[in-house]
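Heads up, the chain below is alone and in the form predicted on its own; it's given as structure tokens.
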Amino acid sequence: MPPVHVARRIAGVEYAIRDIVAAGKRLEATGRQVTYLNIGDPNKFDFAPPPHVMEAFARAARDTKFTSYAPSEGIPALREAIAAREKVKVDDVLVTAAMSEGILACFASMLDAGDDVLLPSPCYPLYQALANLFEAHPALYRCDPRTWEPDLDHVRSLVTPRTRCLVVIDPNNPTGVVYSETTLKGLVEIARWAKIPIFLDQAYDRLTFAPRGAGLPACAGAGGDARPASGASVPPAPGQAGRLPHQGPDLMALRGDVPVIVGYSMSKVFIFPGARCGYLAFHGKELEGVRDGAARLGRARLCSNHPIQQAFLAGLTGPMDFLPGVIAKLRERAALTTKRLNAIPGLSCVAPQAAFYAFPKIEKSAWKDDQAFVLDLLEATGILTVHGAGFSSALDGPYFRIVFLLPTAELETAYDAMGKFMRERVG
């Protein structure tokens, strides 16, 4: 029998963050130790979900009434909490199996073959993978590599009659940047002019440790004095379950009449990526058709995990006093990362302001592309990162993403090894 036919659409589905793991596993199989700095999973390091979230999950797991199917749209109490947080009607809320399912449901409901969706460059890879799956065109809008702020003129130039959505990831993965108010206003105005909705990815909305718009460019000349992330953190109010904005307005405060779909998740702020629970909130009557399409898909897949929804409810309505300690760790590790990467010959890095990623540029390259760099770094040092091309095919040079969740002493060791590697390769 010949090989079974494979659908053409699956060829464009790639996810570099996990695809690269195979190389690390092959090296481990030889007896080498691998430091995995490719996946943003805080629980692999010295972080854990807040106790009240875990207690709610444990109680639900022991209670047989939560072994039943949940309502397809989500349990009522959780939807009500989300609606209060988002200031929308309960009917405009859909609980999802993490934000990943939410993105898929929205793209499935909005995109026909040949349509365009505006995505930042670089971009979290799932957006491009799903655009390709639905045979749409991922139109990558340029972000200035000195600050990683979107180039508004370029965004506007990509709009066509078939553009269906503008994706905004703020705070940003993979760069760790928080967009300025000027940028957010510009993105809103483009969406209004183009008569398209915004999909707003807010997975990291409370994990900020520098003021909005304080993105600092890498220092002039690789190996110069580093300029670490600066500014005060944004402390959460204990017990406050509502939206906690970054310093200064966020996009939701600026959207006016522009329809916005907010995607959110338990994975990052509540440090529970294994929960696979999130939500979509639909802001604007223009989104009713997309909302209903996503809900139909939700009914077809039955429901999100029932006990985990109890944990998510506890997170959204419970105390946020665990966050200052998390943010303090991230701020320290971001500053260390910026300082050390900018001191390595041949590398430069914009200071992250949020989340736990940096996206350094390989200024001096001895490799044919950034994937070759990542594989060489892995072989030489045992450190696994992700090649920049996995986040965009339209970058201005070779980059890689690094996750700085390791404790500082272990980060120092990793950066020592990276520095030695670069000196050996590029001098």
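For clarity, every value in this text was computed on a predicted model and none was experimentally measured. One rule holds for the numbers: they count along the sequence shown, beginning at 1.
The same protein also has a form predicted together with a small molecule, omitted here; what follows describes it.
Among 136-144, 155-163, 195-203, 74-82, the region lying within 4.5 Å of the small molecule in the predicted complex by heavy atom distance = Stretch 195-203 is the one.
May I ask whether R59, F270 and Q310 each come within 4.5 Å of the small molecule in the predicted complex, counting any non-hydrogen atom?
-> Judged in the predicted complex, none of R59, F270 and Q310 sits within 4.5 Å of the small molecule.
Using heavy atoms only and a 4.5 Å cut-off, determine which of Q128, T208, N173, T338 is in contact with the small molecule in the predicted complex.
-> Contact with the small molecule in the predicted complex is made by N173 alone.
Though the small molecule is not shown, can you say which of S304, S265, T183, Q353 has a heavy atom within 4.5 Å of it in the predicted complex?
-> The option sitting close enough to the partner is S265.
Do Y357 and the small molecule come within 4.5 Å of each other in the predicted complex, heavy atoms counted?
-> Within the cut-off, so yes.
Applying a 4.5 Å heavy atom distance criterion, does Y124 contact the small molecule in the predicted complex?
-> Flag for Y124 set to yes.
Does the 4.5 Å heavy atom contact test between T317 and the small molecule in the predicted complex come out positive?
-> Although the small molecule is absent here, T317 would stay clear of it in the predicted complex, with no heavy atoms inside 4.5 Å.
Touches the small molecule in the predicted complex: A294 (any heavy atom, 4.5 Å) = No, A294 stays farther than 4.5 Å from the small molecule in the predicted complex.
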